[in-house]
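A single chain, nothing else alongside it, follows as structure tokens in the form predicted on its own.
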Amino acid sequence: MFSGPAGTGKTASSIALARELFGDTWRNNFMELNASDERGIDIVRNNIKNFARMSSVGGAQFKIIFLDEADALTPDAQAALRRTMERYSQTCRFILSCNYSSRIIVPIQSRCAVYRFRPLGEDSMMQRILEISRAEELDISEDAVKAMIFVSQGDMRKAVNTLQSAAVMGKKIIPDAIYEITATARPEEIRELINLALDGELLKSIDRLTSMLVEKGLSGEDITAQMHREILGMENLTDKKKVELLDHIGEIEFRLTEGANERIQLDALIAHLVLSGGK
């Protein structure tokens, strides 16, 4: 079982493993399914079962079924999958990929060796981005690479897609293009918004918030997520103040996901920061 965030190499590792084991016949002995497309029990009874019962090709000892986003399977489908894994264990091996291993039923977890993938480190992402940039003859600045790492948050797939989108606009890649493409505010802009509110500048901070919502096209959840990241790293705030602000940001984010009015909730968050700064 491969468990971890998106874009950390779970699918790529599975395909690489199949190619290493089976060589030229890997496509015949490897089946990839996305459980989020077909979540019901039928995918287990039909697609998976039919492939598992067939003999392998090219003298391979077994075949591999790669089930992506396995945590999207319903409990009934997972129960059926458990039985299929037991019955065809001699002819087929299973690789389950998921973002949250806790959503996989315990009987399946106990039958798997769990490998946990973590977000890629900055050095690894920078190395890969620069490698792609050289191959594509792109002129990318160091600040643009750092911006790409910031917006990707360890997701290599997102970083590559962002680089590709920026390259469409021109061979020269600059930080502004990265933030614009990904609808992300610069870290210093979010930090300035927070500091303005904490300093009691209600109208200025609301104007800055309006600019992010209207001109940059950010959503309320985008802003709360970035505020959460910035507050953790702000040295001018005490730990007690950070706890208070993070707790309130979490409450606002929950209200937004429940369908509350975005503008009212964000203005209320700014007002809370103003009152908090005056204490």
Partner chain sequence: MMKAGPENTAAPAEWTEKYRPSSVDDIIGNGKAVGEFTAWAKSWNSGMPESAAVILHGPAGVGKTSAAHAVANDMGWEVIELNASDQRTAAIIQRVVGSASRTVGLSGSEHRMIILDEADNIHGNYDRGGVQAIIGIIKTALQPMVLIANEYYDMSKTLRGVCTEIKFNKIQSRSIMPALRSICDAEGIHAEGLALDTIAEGANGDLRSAINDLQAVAMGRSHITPDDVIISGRDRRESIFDVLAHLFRRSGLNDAMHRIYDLDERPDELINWIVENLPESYDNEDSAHGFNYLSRADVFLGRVRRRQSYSLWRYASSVMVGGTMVSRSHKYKGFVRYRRPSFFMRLGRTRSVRGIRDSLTARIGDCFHVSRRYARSDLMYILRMICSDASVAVYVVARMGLGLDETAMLLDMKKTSKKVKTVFADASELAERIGPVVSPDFLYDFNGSVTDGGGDEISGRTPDVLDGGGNGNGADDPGPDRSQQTLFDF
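Numbering follows the first chain given and starts at 1. Everything quoted here is computed from the prediction, not taken from an experiment. Under this definition, the rigid core comprises the largest set of C-alpha atoms superposing within 1.5 Å between the forms.
We do not show the form predicted together with the partner chain, though everything after this point is about it.
Under a 4.5 angstroms non-hydrogen atom cutoff, the partner chain in the model of the complex has Q109 among its neighbouring residues. At the 4.5 Å threshold, heavy atoms of T224 reach the partner chain in the model of the complex. D76 belongs to the set of residues with a heavy atom inside 4.5 Å of the partner chain in the model of the complex.
Put simply, E253 is close to the partner chain in the model of the complex: some heavy atom of it is within 4.5 Å. Contact with the partner chain in the model of the complex holds for all three of R83, R116 and H228, each having a heavy atom within 4.5 Å. For the partner chain in the model of the complex, the listed stretch (95-103, 202-210, 121-129, 178-186) containing residues with heavy atoms inside 4.5 Å is 95-103.
Scanning A52, L218, M31, I41 against the partner chain in the model of the complex with a 4.5 Å heavy atom cut-off leaves one residue, I41. Residues of 211-248 that come within 4.5 Å of the partner chain in the model of the complex, judged by any heavy atom, are T224, A225, H228, L232, G233, D239, K240, K242, V243, L246, D247 in sequence order. After superposing the rigid core, the Cα of D68 is displaced by less than 2 Å between the shown form and the other one.
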